[in-house]
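Given as structure tokens, the chain that follows is alone and in the form predicted alone.
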């Protein structure tokens, strides 16, 4: 649900990693390193060496893949990338000088070689514990010249999983969003880091609130082509599109985890209530039964609970409902206008937008039981539409702090806020998801 300070009176209209080869590890050493890192805090200090290559073409590929790996690791916020010391090797290709690595504070060294064989590009990467000199990983990544970015990101996935012990979902994720680049509000999608932007809709009308299904097969959005807000559901592979087609409004879709259904607000029975809908546009069941507008559903990771916005207590507040028992409890009590909840992949946090007394819209995070309220943005104009990264480490959001509406990302604690990319027009309503 998008907040608009100019239309609060019109509340009902405004609420609208590839498969990998097995690790070639010394498993006991990797586990030991992971155990040590879990106890510490701060970023992992890594020296990322230049990829060695012989020919001019291979050197060009090496520079490209180095850029992909460096920007990918930097994007995570997990690593502190250090420059390689001058005396790291006594000669090109010679043994590593771990004392030199230690002198610059490196904990991890990684580097590799680029070769071409039988028309295929091969990237051979090695990872060492800079403190002990032990090899933690040695692996080859192969592909066509057109797959250099994919190869680099596959290494990023492996390194993050090796050093954190957690499955890495970031590098295979996508962000869908709304942009006015074409002069109309259309749905676009990009990689996790803002690369490879593609336009998904071309209605030349108004398309809002995109949401991708958990299996990555469907995208749903609110579409105004018919002159009123309607729910469209598209199969991303076949491009077949279904519509709910009910009279009244149909806004704010959100997919339920653990099922092939999505929730949306419909008004065909009079009041604006939340319903579960199948991918073919047919209604599965009604979820809310109360006076007042109910919008902006977001589900817990197991799909058993739903956070949503309701006007039942007066001004918009966030509630949590158990889908089995149907009981709803109010989650937010601080602030008079709280909207756009997004449930964390870990299930313990809910992030949302709040209209403040000073006129700013800011993003807050709260525990799923209502405790631990924390403000993530402040003093940067309007910030809204928060959406979790699939690994729960970051949050994408819209901000107009630079003038126009643009997409930003930040760490889950509110730190390291930065623009995702630069693109013509306004960008808003990001939705972060896995797309296979």
Partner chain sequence: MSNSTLKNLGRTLIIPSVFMLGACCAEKAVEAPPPPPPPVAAAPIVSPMADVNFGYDSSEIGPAAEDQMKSNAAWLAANPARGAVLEGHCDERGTSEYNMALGERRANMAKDYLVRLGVDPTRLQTVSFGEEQPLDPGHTEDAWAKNRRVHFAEK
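Residue numbers count along the first chain shown, from 1. As the structure is a prediction and not an experimental result, all values here were calculated from the model.
We do not show the form predicted together with the partner chain, though everything after this point is about it.
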query	finding
Whether 252, 296 and 353 all lie within 4.5 angstroms of the partner chain in the predicted complex by heavy atom	yes
Listed residue that, although the partner chain is not shown, lies within 4.5 Å of it in the predicted complex (heavy atoms), from 272, 176, 321, 344	272
Of 114, 309, 263, 219, the one that lies within 4.5 Å of the partner chain in the predicted complex (heavy atoms)	309
Heavy atom contact within 4.5 Å of the partner chain in the predicted complex, the stretch among 119-127, 278-286, 79-87, 264-272	264-272
4.5 Å heavy atom contact, residue 332 and the partner chain in the predicted complex	no
Close approach of residue 431 to the partner chain in the predicted complex, 4.5 Å, heavy atom	no
Residue 301, heavy atom within 4.5 angstroms of the partner chain in the predicted complex	no
Contact test in the predicted complex: residue 183 vs the partner chain, heavy atoms, 4.5 Å	no
Residues of 206-222 having any heavy atom within 4.5 Å of the partner chain in the predicted complex, listed in sequence order	206, 208, 209
